[in-house]
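For this one, two forms of the same chain are given in structure tokens, first as structure 1 and then as structure 2.
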Structure 1
Amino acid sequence: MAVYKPTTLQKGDQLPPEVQALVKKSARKKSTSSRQSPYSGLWSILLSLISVIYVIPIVLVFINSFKRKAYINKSPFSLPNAKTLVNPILSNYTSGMQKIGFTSAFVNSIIITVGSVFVIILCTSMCGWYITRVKSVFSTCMYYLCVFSMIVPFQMVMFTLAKTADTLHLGNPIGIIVVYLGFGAGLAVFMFCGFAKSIPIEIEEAAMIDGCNPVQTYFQVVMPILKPTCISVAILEAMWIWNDYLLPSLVLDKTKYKTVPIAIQYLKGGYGSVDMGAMMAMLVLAIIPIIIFYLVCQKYIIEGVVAGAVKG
């Protein structure tokens, strides 16, 4: 007969086999019941179906960009065959790029987006920090004006903004950066203020005591702490500016400068009947860089959207 010995278990002690089996069993049971619902397979299939629906439009545009223009409207859902395929295979792309000057539009879009985002981040983060740290009538007014500007629709200022920009000769890819800084400042300043409030002031005071002037304090202490917010703001503003059609189409001198959305709209507006082949090819060219950018920076984009939404 075994004598019962009260022991305390220690790390690495072997449990009796029957206890081990019990622990294993309960662990297995718990993991299956809490993780997988009984319909899990069904939901997977449903989600896969929805994903297919999500991808189809882009695939269709891609397929149609290789068809002759007469067949695109007639049978958009069929795969190209020997009769409907363009010859040479990329001729829709080459003719479309020539018609709307896609390359220069693409370069303009890059210059405007990168330039504006860089200037917005630099200026508004400094401004947001200044507003949070210096409490005055000016900073309070500026803060509430920024919040207010976020709910004003663009149509409200569309006409007068175009006139103001025209008077100040801002109708070129560099000048439009000022307009974007002004109209995009609302959201950016608001987000930077919200985050700058949570930085402990002691850190900045310590830097000052160590002999930093405000500029050094800002670039060596504050800016690194604000980095996650900078990424969020950069992504939100970049998504807006890259895709914006109305503001550049009113502000830019359209005979000289086009952006990608303006160029695509021009394909429709400039000619009586739309060349569907060239249109499809240009749509593909407009989408590809975005998808590549998205797949590379996916993590930051999704985090940026969540952070922007929670604060905005």
Structure 2
Amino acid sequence: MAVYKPTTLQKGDQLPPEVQALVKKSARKKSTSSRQSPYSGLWSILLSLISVIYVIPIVLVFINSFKRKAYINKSPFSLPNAKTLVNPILSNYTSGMQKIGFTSAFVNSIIITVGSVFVIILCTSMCGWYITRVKSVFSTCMYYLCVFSMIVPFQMVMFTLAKTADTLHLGNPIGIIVVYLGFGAGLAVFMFCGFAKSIPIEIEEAAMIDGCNPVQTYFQVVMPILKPTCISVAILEAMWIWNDYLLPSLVLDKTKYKTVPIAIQYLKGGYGSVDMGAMMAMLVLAIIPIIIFYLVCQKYIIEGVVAGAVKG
């Protein structure tokens, strides 16, 4: 049996032809991978400008929240100075919170958003897994009904919805969660079905062989795998529910319960007068929670995309 003995190259010796070919091929790949498109710099500049355009409205709202009411309309794009700055500096925030009852509205929005997102994820993930694994006429019809619900305009059903919600006494923060479940199920089921198809069924079969029933298989095996999709659905649904104005205004009893978007509208006075300083301050407070939630969860979305790209 021949034994390979590595040879030591001396200075001036030439590499074998096979090694030289491999070195040239590796260098060629490296130069090709490091070569950038001639338009990459242009695309970077263009996308940076688009990002700035999207951020400008948020920056303007934040800047104007520290100005006096009279100067917001006169010079909305200028930075606050000694003349335009309110005194004390947080007076717009304190006055706005007192006028609209921001604390109670904030609590109502938290209850509605967290409860709705939790119920949507729990119910629609089960539904998506069931539709993917159980092939029947009923599951197929259920899937297409969920997809169809995404294209139905809200204006077609809002009057019937308001009457039904009033009849069933859903005009409270707990009752409206059921309404949000119905409207948020379409997109969520569609996303969960798409991801559940990529889960190897052998994993679930192995869990059942080990003695897991369907409920245990779902919560202990399927649910952890669906985590990236759960977070993606949570972000989309939370942004929609937190910022929603029309549905709570139709369903909720506004004399008892107000969400943040509804409460902010009460800063409008008679004859079209608006306390712009307080409104800008309340808009900042309304934006901050959803931005924090997105920044905390975005890394999980990226991990989910990477995991899905190498899933095989």
Partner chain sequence: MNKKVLRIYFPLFALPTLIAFIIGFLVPFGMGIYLSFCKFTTVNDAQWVGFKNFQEVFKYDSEFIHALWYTALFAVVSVITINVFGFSIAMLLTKGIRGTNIFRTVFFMPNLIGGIVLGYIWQLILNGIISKVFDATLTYSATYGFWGMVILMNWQQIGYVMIIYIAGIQNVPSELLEAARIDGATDVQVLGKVILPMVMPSITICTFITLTNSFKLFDQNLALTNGAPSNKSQLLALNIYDTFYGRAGYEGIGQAKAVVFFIIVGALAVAQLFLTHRKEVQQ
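Reference numbering: structure 1, starting with residue 1. Computed from a prediction, not measured in an experiment: that's the story for all the values here. So that the term is clear: the rigid core is the largest set of C-alpha atoms that superpose within 1.5 Å between two forms.
Engineer: Mark the structure, either 1 or 2, that is the form predicted alone.
Structural biologist: Only structure 2 fits here, because that chain is the form predicted alone.
Engineer: Verify the C-alpha shift of residue 66 between the two structures: is it 2 Å or more after superposing the core?
Structural biologist: True for residue 66: a C-alpha shift of 2 Å or more.
Engineer: For residue 263, is the C-alpha shift between the two structures 2 Å or more after core superposition?
Structural biologist: Result for residue 263: no, shift under 2 Å.
Engineer: Taking 2 Å as the cut-off, check whether the CA of residue 139 shifts that much or more between the two structures after a rigid core fit.
Structural biologist: It does not, since the residue 139 C-alpha is displaced less than 2 Å between the two structures after the core fit.
Engineer: Please give the CA displacement of residue 75 between the two structures, in Å, after core superposition.
Structural biologist: Its C-alpha position differs by 5.1 Å.
Engineer: When the rigid core is overlaid, by how much has the CA of residue 290 moved between the two structures, in Å to one decimal?
Structural biologist: It moves 3.6 Å at the C-alpha.
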